[in-house]
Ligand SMILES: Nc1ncnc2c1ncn2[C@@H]1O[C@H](COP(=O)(O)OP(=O)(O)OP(=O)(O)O)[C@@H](O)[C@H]1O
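Single chain ahead, written as structure tokens, the form predicted on its own.
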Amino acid sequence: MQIDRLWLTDFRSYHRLELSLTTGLTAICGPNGVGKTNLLEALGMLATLKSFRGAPVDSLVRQGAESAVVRAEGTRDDREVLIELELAKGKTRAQVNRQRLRRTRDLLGAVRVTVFGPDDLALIKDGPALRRTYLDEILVALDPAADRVVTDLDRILRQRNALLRQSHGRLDDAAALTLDVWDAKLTSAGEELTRRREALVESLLPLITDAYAMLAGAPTPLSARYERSWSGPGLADALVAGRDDDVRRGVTLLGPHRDELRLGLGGLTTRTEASQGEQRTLALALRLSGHRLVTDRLGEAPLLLLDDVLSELDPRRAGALLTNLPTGQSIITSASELPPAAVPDQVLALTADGELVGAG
């Protein structure tokens, strides 16, 4: 979907804002702290109903206001589409073309977004949870039905872990039978998600390698391996074998929620041995590869949001990114002067007071 216009009401730092967006590259420039990232966050909400900064809904409402509204108008398949979100008291309500959605999941796929920001270094440096989320976000972008698998698994794990905690290290016969039921559910959802993730990693690896080489300016051996938390042919047997440990610890120790995406760069373990520049470049390559895969498979490029990426890359790698931006609509924020390699189709300037003063 091409986003043509965006309206914000009491969202983050904005009381009222209306702006038009062009196809191609839009640059949003202004000092730090004036609300550039807030604009990208609002656009990201249109795709996932979640803040890519991990902020709760209440914090997205401007201080003193009771609710916030994010409204966007665009085109898809030569048809006009209007998406409206109302955020209030921990709840998000969504409408598409004035029709209220019964489930927030029904919005998935209306807009697709790829986001890269300064915090994405954690995608490489931190624990495996962020890398699992990275994979799941791409799965949902490729097929919104994958969201059901992810949310079902989360629900099953909450119920199973609650039962384990309540057992206090010892299962009676009734609890054991109930645990059997949750094991069967966990096996079904867990093995399906694992198969999807493993196939995705296989598809992503050559794209990650290409994106990294483009940014780094030279081919670099890369590895990406999906590592299960259990051994053997199936999760069901692993859960039976590990039941005593689960009961003793009061938590589910095996399953896709414990799996890892292992990344290697030139024979180095990226999380602990690669330089910060290499880690940041790899994080961007991960985002770009997911963006390309979704574009190739669906024939439609997601909206690409690049938050303060120029300050995080050296000039050569920043130039390589800007001269090789994927086709489609992209928005980049910058607190400094744009480099010569940046040739935006539109420039939006924000003052120190967060006011939009011009477009060109």
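What you see is a predicted model; the values in this text were computed from it and never measured. One-based numbering along the sequence shown.
Only in words, not in the display: the form predicted together with this ligand, which the text now covers.
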_Contact of N38 with this ligand in the model of the complex (heavy atom, 4.5 Å)_ = yes
*asked:* Residue-level contact is defined here as any heavy atom of the residue lying within 4.5 Å of this ligand in the model of the complex; does G299 satisfy this criterion?
replied: no
*4.5 angstroms heavy atom contact with this ligand in the model of the complex for K50*: no
_Any non-hydrogen atom of S59 within 4.5 angstroms of this ligand in the model of the complex_ = yes
*this ligand in the model of the complex: within 4.5 Å of a heavy atom of each of T9, S67 and G90?*
no
*Given that this ligand is left out here, which of L325, L293, A335, L313 has a heavy atom within 4.5 Å of it in the model of the complex?*
A335
*Which one of L304, V34, L46, L321 is close to this ligand in the model of the complex, taking close to mean a heavy atom within 4.5 Å?*
V34
